[in-house]
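Just the one chain here, laid out as structure tokens, in the form predicted on its own.
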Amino acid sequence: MRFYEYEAKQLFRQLRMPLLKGRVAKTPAEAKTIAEEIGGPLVLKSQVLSGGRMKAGGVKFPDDPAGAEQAAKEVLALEINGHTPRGVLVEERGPVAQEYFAAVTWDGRAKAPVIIFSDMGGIDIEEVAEKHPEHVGRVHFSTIVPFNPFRAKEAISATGVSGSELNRLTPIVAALAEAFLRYDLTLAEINPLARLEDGRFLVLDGHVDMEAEARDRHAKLLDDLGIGKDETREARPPTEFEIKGAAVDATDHRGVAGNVKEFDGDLGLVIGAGGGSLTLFDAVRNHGGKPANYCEIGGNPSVQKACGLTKLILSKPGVKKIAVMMNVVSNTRVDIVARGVIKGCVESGRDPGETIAIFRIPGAWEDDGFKILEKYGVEYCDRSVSMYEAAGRAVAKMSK
């Protein structure tokens, strides 16, 4: 779940990080008022959940309140990568002597969070790491023992930063790591973190992503930041199809039959098993198939939920068949999923034998499930057939 820049900075302010003077404006007139309060040169930044603001014209550098008002008018009317601005952040602007990059994220290979620091901020860290690896420091730290700020100092000093700069940067980067742990973040980033010509160290831009499943745990923080419970905070607004998918999942507390994402293919997918759903989606594409959707099913959903998900997918224009696939299940009854998808086909006026390209869910109560599938002429396979092969069988049927 992404935070807008101004929300990230509100979080940083709670952690006593050094920030620029300024706040968010919703209108050009409000931007002018904030500019009058700040005085001096300004920077105005579009508040969208997307990168590329500078290239798109979403960042302006006016020198006075009148310029800020005109700049805000232009920025607020500018759509960036399909996103309409939530507002415009109006902040002070000062001459920068040095820019740094600081981030904390999760390293999947090391299975531990990692601090990444560079004394070459303001540009893509990937480019710096490729062309100037000696300017990037990386230090992993534990999620079990209390965080030690010395880990932040190690990451910073690895780039050659020392003396007063090292001592003044360390608490800022350490606070970033502590925020990452405390609020279940997947990314906490400052780029750039700047030293101004007057000697101040300030956070110029911030990026924060939170684990979606942690929303309830941090409900008070999100409420303080003004983030509503209905805000998905994804790369684009949900489609009507996706909203209906969420409604299906919300009809019953048992299991999962949701997390629906819409695509433009002709093969509907009823897939699950955690990471297995991503594996199956990719397998369909690797075989040349065109998924009509992504979804997740598991945790022993009710017949009604499996039915509702199936009906929703079959209602999507252009969907010819569906593939029902999961890894080996233990906490999901195969017979219940079978009943649900067959019921969904029948209620949609479709022949299950012709509509279900493949049913590959081995596990609990599979014998009962397979008997139901046989009755309706549905092709199924057990665990001796890999998920990849099952996806291939489904794709092959699309041409028949």
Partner chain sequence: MADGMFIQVEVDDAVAKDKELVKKLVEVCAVDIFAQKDDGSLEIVRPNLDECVLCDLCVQAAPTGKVRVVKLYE
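What you see is a predicted model, and the numbers here were worked out from it, not measured in a lab. So that the term is clear: the rigid core is the largest set of C-alpha atoms that superpose within 1.5 Å between two forms. Numbering follows the first chain given and starts at 1.
Another form exists, predicted together with its partner chain; not displayed. Remarks below refer to it.
The shortest heavy atom separation between Leu314 and its partner chain in the predicted bound form exceeds 4.5 Å. Put simply, Asp335 is close to its partner chain in the predicted bound form: some heavy atom of it is within 4.5 Å. Not displayed here, its partner chain is kept clear of Arg360 by more than 4.5 Å at the level of heavy atoms in the predicted bound form. Its partner chain is not drawn, but in the predicted bound form it has no heavy atom within 4.5 Å of Glu354. Not one of Tyr100, His135 and Ser162 comes within 4.5 Å of its partner chain in the predicted bound form, counting any heavy atom. Between 47-55, 64-72, 339-347, 28-36, the stretch whose residues reach within 4.5 angstroms of its partner chain in the predicted bound form through a non-hydrogen atom is 339-347. Checked against its partner chain in the predicted bound form, the residues Thr232, Gln304, Ser157, Asn81 give one hit for a heavy atom within 4.5 Å, which is Gln304. For the options Arg254, Lys320, Lys261, His207, the one in contact with its partner chain in the predicted bound form, meaning a heavy atom within 4.5 Å, is Arg254.
With contact defined as any non-hydrogen atom lying within 4.5 angstroms of its partner chain in the predicted bound form, the contacting residues in 356-375 are Trp365, Asp368, Lys371, Ile372, Lys375, given in sequence order. Comparing the forms between the shown form and the other one, the C-alpha position of Gln47 differs by less than 2 angstroms, with the core used for superposition. Once the rigid core is overlaid between the shown form and the other one, Asp252 counts among the residues whose Cα shifts by 2 Å or more. Once both forms are fitted on their core, a CA shift of 2 Å or more is seen for Val346 between the shown form and the other one.
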